[in-house]
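For reference, the chain that follows is the form predicted alone, supplied as structure tokens.
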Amino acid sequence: MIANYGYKDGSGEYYISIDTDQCIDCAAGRACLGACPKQMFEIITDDYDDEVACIKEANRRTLAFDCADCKPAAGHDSLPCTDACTPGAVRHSW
């Protein structure tokens, strides 16, 4: 299942998507938790009793600002959260 966290406003769509099927089998030991400088990721138990990563409620409406340090408007080569996620479960929409 793909879980989408974020929002859409007049400036664009800002979502972080987490493929929970890939997240369950994380071989990196939930490295996304420590990779994010803003500590936006947390582990929750989903509806199927699996432990998966998600974006904290407090950050879901401010992703464009919270991710700005890692993702400047001028472009980026890589992101700490996507690099740390070896299963490839974390994706950004913008």
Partner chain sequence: MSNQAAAPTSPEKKEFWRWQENTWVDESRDWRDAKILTCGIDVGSVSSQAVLVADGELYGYNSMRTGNNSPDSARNALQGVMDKCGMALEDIHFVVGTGYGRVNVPFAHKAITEIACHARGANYMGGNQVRTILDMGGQDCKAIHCDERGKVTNFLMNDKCAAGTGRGMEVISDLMQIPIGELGPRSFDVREEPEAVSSICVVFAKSEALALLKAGYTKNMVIAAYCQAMAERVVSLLERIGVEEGFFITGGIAKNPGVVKRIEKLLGIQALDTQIDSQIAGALGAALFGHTLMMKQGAAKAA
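All of these numbers come straight from a predicted model, not from anything done at the bench. Numbering follows the first chain given and starts at 1.
Another form exists, predicted in complex with its partner chain; not displayed. Remarks below refer to it.
Visitor: In the model of the complex, does E13 have a heavy atom within 4.5 Å of its partner chain?
Guide: Yes, E13 is a contact residue.
Visitor: When the contact criterion is heavy atoms within 4.5 Å, does R61 count as touching its partner chain in the model of the complex?
Guide: The answer is yes: R61 has a heavy atom within 4.5 Å of its partner chain.
Visitor: Even though the chain is shown alone, can you say which residues of 1-31 have a heavy atom within 4.5 Å of its partner chain in the model of the complex?
Guide: Sequence-ordered list: M1, I2, A3, N4, Y5, G6, Y7, K8, D9, E13, Y15.
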